[in-house]
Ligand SMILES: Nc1nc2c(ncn2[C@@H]2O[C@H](COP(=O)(O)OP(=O)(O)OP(=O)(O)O)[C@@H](O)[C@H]2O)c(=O)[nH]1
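Given as structure tokens, the chain that follows is alone and in the form predicted on its own.
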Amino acid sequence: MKLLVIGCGQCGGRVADEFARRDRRAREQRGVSILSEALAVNTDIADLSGLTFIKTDQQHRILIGGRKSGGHGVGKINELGAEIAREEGDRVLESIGNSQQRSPADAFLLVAGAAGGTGSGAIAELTHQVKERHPDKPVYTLILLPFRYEELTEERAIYNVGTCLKSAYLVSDAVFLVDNQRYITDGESIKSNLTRINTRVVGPFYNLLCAGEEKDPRRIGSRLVDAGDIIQTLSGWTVIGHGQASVSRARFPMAGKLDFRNKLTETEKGIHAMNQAIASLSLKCRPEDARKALYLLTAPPEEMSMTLITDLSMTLKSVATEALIRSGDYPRGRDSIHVTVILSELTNSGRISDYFSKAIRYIYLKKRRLGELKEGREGLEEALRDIPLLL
């Protein structure tokens, strides 16, 4: 599956830059391309300048809102970010159009941090514009949720998250949710943490995107997962995870290749990778709330068997009990088994509901301070209607 990735704001731009790095790696090491293009859109010149792998021309690093922001961002005011995207989205659409003529994408992926200003505000508006211009292709969003300290100390951040999620959900074909807090490593610098987080955000997509782009017959799975399978799986709130296990070449060297002990080791490794993928999903959720699921097994050809595929399918079904499950294999690598898992169309998310509740309370308290509440209002429930759309 080939994506066109658009990073919105500082956070989104850095994740898009990591997608561009992975695309270079895929081309150099596997001879395939997983991106038609990577773009970064921002109101801040410095953020655009700090990227590494996205091309440096104005068609790929797109500065918007120069007149209103002076090239220094929107200061977490995501309504302003949405307004600028509404006014200057044509510049982004022009870059997308030029890219599609050179290398068509199977789908679009827009990325942003939910708590900021430019990305939080622009992502839904740009998603809406891309869908209108390219109605024949799915448009997905990948939204990174704030760190815990942001939630505890920045009321405006919570408001931004609520408005961003509500707006993006209404216009996206699917919304990938990523909890930044899950990927923090204590004792490391801020820069190291952010780099590691971006790597872990993008990592689970790598094999999934490569599998359908392979041209070498030896690398094409017996049950190929390509763009069609992924598109049919993705819908609504979505999470993704990745797990792996090392393959011991020694195993039971004195036993025959088909010895049951070697078969047991192979299955145990695969199930370990599956459990790890489920445990490391990009947002903690209840797998039983998913209505669709997909997994991809990436492993050396000799490590794959129908027994392993059956056991992996049963393991996923045991937790995602209500999901329609699609699966595939990707014969790649020599010393490890990888499993990528997607859970989609999540019908209930306590974390998302909590963000909406906090955003509602923020609006309610703000209106009460300003004396804007009328007699007879029902408080927080009534305020639900007041979460604005950034469209």
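Only a predicted model underlies this, so the values are computations on that prediction, with no experimental measurement involved. The numbering used is simple: start at 1 and walk along the sequence shown.
Just so it is clear, the following notes concern the form predicted in complex with this ligand, a form of the same protein that is not shown.
For the chain shown alone, Leu194 is a contact residue for this ligand in the predicted bound form, at least one non-hydrogen atom being within 4.5 angstroms. Looking at Pro146, you'd find a heavy atom of it within 4.5 angstroms of this ligand in the predicted bound form. By the criterion of a heavy atom within 4.5 Å, Asp329 is excluded from the residues contacting this ligand in the predicted bound form. Contact between Glu37 and this ligand in the predicted bound form is not found at the 4.5 Å heavy atom cutoff. Stretch 42-50 is the contacting one of 339-347, 360-368, 42-50, 321-329, since its residues have non-hydrogen atoms within 4.5 Å of this ligand in the predicted bound form. Here the marked residues Gly243, Glu266 and Gly270 all miss this ligand in the predicted bound form; none has a heavy atom within 4.5 angstroms. Only one of the listed residues (Gly228, Gly75, Pro135, Pro301) places a non-hydrogen atom within 4.5 angstroms of this ligand in the predicted bound form, and that residue is Gly75.
Residue Asn198 is the only one of Thr233, Ser167, Asn198, Ser95 with a heavy atom lying within 4.5 Å of this ligand in the predicted bound form.
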